[in-house]
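In the block that follows, a single chain appears as structure tokens, in the form predicted alone.
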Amino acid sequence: MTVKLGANRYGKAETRLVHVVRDGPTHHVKDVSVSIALSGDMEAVHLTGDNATVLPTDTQKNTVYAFARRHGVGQIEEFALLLARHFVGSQRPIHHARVEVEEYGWNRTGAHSFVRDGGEVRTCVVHHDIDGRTTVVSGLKDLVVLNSTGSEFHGYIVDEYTTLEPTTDRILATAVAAQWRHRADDTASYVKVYEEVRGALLDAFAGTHSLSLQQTLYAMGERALTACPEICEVRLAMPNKHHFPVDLSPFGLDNNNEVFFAADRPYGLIEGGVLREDAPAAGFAWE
């Protein structure tokens, strides 16, 4: 039997970093998790255990902390770009770097006091390779939204195993995970784009009379692309957080879509992408 080494990468996952900027008595906090994956000239280490081309994952972790001190942590996309370009540019065996960053928000309650934001997590994934090709994908996850009406579901396939009743008035709830691909890596303000995309997603969710979660997903992606010319593709994953009306008849009570059981699993998972017709090739952006 003949075998060969397939695709591979290695790195340090989920390095937790909290960076405090001390602006006199007022402090600013940046709380992130950084995951690094490197690939390139790695055949020898797999086949013979020769570590000559391996940058230890502990070194990768230390680089994150050192870069935070040296450069600060501004927009997470910019921090990820700095790291990715450093790893590829400083180590000959490394041909490709993937850097993923998640940011956890804190709300100010005083000059140096904060409370953890219970909302969504901001994300980004940056790729950079030895040929100078770079992609930036920004995003968010755990954006929990709910419409208490304005959602229907009917006209679907019915077979011998179908028990779900059609409805013209249901709760539609989901936890949005969205990622959007930038046209280039020199976007003037990733924060501005983030706020515009987030707003467009929320507006479309609230403003779409939904006949299916798939329809709502497409409307949200389309609205984001319309609002932000800086992005060319949006991908969304949206679990259907089912809310079932409770049968109150055993207690002599009616239920006019007022009392629901919120089921956490199993759940429907709807995923899809929306992109401009002229969107450039994604390359390795989604890997």
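Residues carry their position along the shown sequence, with the first being 1. Note that the coordinates shown come from a computational prediction; the quantities given were computed from them, not determined experimentally.
In what follows, reference is made to the form predicted in complex with a small molecule, a form of this protein that is not presented.
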- Taking L164, R170 and Q214 together, does each of them reach the small molecule in the predicted bound form with some heavy atom inside 4.5 Å? yes
- Between the options I270, A13, L275, V21, which residue brings a heavy atom to within 4.5 Å of the small molecule in the predicted bound form? I270
- Message: Although the partner isn't part of this model, could you tell me whether T63 comes within 4.5 Å of the small molecule in the predicted bound form, counting any heavy atom of the residue?
- Response: no
- Does the small molecule come within 4.5 Å of any heavy atom of S35 in the predicted bound form? no
- Message: F153 versus the small molecule, in the predicted bound form: is there a non-hydrogen atom within 4.5 Å?
- Response: yes
- Report the stretch among 72-80, 205-213, 92-100, 135-143 that approaches the small molecule in the predicted bound form to within 4.5 Å, counting heavy atoms only. 205-213
